[in-house]
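First comes one chain, alone, set out as structure tokens in the form predicted on its own.
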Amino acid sequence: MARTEQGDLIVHIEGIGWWSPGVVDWSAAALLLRDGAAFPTGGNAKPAATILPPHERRRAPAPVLLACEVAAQACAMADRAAAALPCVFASMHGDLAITDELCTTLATDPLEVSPTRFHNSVHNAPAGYWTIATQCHAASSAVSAWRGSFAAGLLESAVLACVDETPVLFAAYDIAAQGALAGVIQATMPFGAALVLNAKRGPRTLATLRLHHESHAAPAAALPAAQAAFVEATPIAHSLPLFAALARANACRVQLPNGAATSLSIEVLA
């Protein structure tokens, strides 16, 4: 059942994608999460994003590579054709590197603004690259909700999956802030994660979630001390308690920020 009498949403996870520095897929991340071990937070490696054509991959900005990599991983694990999946992409800030570059150029030499860089600066650029590369004609959207961006995107995806009774791809990502923005935005590393959600339980189901919107802020999450630095390094890592529960296959309840004074209660069902 996709919806309960209390208005909760129930969705089933069929695929998971993950990329962070030094941890390039869900199996590697799950091992660290189960052990409570520290995640690397530095390095210059880039996501492979092989789903993009080579010429697109060479010119694609960092958020596009990140989002497309985790989205492709989730689709592959779910054994779902990307072209058929409606998709929701969530990011707190979008492309911080290009935003800083454009603002600097506007302040110093506005006639030199690059049309290509401006094209890549829009919040739905990763969704655009993804749908073009996969030839996806299903609906796509881009969501931002400050520190609640992951939860907002997850809730949006679950609503689509339940109302339309179709599998939905959800990808969340953020990159490090640069330039002047680095002084005011708490984001020092890239991180992306993706889920394929389905309102119907099937042979590919990895876990089941019950979602409930709460009209109060989320309490501080209890995480191993070794993983605190990871959460502080990137906004999307507020989702770490959920992924830790999935890695341990524990029946439990977590709450993630979903706005200034609201939260998303997520029950991971055994």
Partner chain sequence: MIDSFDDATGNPAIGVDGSSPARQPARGFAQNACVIIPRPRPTHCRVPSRIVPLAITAFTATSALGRGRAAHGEALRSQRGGLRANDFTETPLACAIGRVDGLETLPLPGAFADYDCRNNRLAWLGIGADGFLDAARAAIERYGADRVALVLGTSTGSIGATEEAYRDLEDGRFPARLRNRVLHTPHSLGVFLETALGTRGPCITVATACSSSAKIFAQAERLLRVGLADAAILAGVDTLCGSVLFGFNALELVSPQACRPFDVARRGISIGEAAGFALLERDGAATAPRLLGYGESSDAHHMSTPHPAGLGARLALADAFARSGLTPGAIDYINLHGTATVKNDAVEAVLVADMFPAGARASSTKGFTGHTLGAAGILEAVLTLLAMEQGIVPGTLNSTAPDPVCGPQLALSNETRTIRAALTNSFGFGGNNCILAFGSGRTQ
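This is a predicted model, so every value here is computed, not measured. Positions refer to the first chain, counted from 1.
Keep in mind that the form predicted in complex with the partner chain is not shown, yet the notes after this line are about it.
- Heavy atoms of A72 never reach within 4.5 Å of the partner chain in the predicted complex, leaving it off the interface.
- Proximity of V143 to the partner chain in the predicted complex falls within the 4.5 Å heavy atom cutoff.
- Although the partner is absent from this view, D79 stays clear of the partner chain in the predicted complex, with no non-hydrogen atom inside 4.5 angstroms.
- Within this chain, A260 lines the site of the partner chain in the predicted complex, having a heavy atom no more than 4.5 Å away.
- With contact defined as any non-hydrogen atom lying within 4.5 angstroms of the partner chain in the predicted complex, the contacting residues in 80-107 are A83, A84, M92, H93, T99, D100, L102, C103, T104, L106, A107, given in sequence order.
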